[in-house]
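Encoded as structure tokens, the following chain is the form predicted on its own, with no partner shown.
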Amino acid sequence: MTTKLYCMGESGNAYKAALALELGGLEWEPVYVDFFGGETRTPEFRKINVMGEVPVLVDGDTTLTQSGVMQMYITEKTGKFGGKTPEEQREVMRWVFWDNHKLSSQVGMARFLMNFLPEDKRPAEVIAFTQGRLKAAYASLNDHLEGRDWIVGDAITNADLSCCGYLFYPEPFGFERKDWPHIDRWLSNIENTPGWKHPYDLMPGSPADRA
């Protein structure tokens, strides 16, 4: 049975799951969710995910929410991306948790406020505060990646798939790859991984569709 991922191209969290599915070699199909049209707030969607969020992964009788849980599930099915030793597995989870708290949550907010709200509704002070927090996160990741091809171990893991989730998006949110050379090199490693696709090529839905 084909795994379904309820998602939209603009969602970096959905991209984390979609990229794991794609690079994991699993048979899957995206199901477009019209977030900007209010679909996640409908009673029908709440039957799929009571939290009213994307992504949602449905694999037969298994329904999962939260991208980190989906990555764990994909690792269980494929044996990929989880780390090769117990020590690496713990380190992968450490970086997934770090990303969810320090990086993706902040990037997602900044990108939304800067690009998907009307200009007169964009809170400048909130954006500036968020970007200050993001600079600290970028510095932590950039320093960690000095001399490393991957965040954990010698191969791509869920740590990489989680932390890269928002960093390939073209909309401005205060991140310039050239300013962070170790992150830039690491993102190139991900881009050069066989099967890699940009989020707007991997999932349906992009700002251009609403232009």
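Don't overthink the numbering: it's just position in the shown sequence, from 1. Treat the numbers as computed from the prediction; the structure is a model and nothing was measured.
Below, we refer to the form predicted in complex with another copy of the chain, which is not included among the displayed structures.
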Query raised in the report: Based on heavy atom distances of at most 4.5 Å to another copy of the chain in the predicted bound form, which listed stretch, 22-30, 172-180, 56-64, 153-161, is the contact stretch?
Result: 56-64
Query raised in the report: Of the residues Thr78, Ser105, Gln131, Asn115, which one places a heavy atom within 4.5 Å of another copy of the chain in the predicted bound form?
Result: Ser105
Query - 4.5 Å heavy atom contact, Thr40 and another copy of the chain in the predicted bound form - result: no
Query raised in the report: Hey, in the predicted bound form, is Tyr138 touching another copy of the chain, heavy atoms inside 4.5 Å?
Result: no
Report task. Give a yes/no on whether Arg185 approaches another copy of the chain to within 4.5 Å in the predicted bound form, heavy atoms considered. Result -> no
**Report entry** Interface membership of Lys84, another copy of the chain in the predicted bound form, 4.5 Å heavy atom rule
**Finding:** no
Query raised in the report: Counting only heavy atoms, which residues in 56-94 are within 4.5 Å of another copy of the chain in the predicted bound form?
Result: Thr62, Leu64, Thr65, Gln66, Gly68, Val69, Met72, Tyr73, Glu76, Arg90, Met93, Arg94
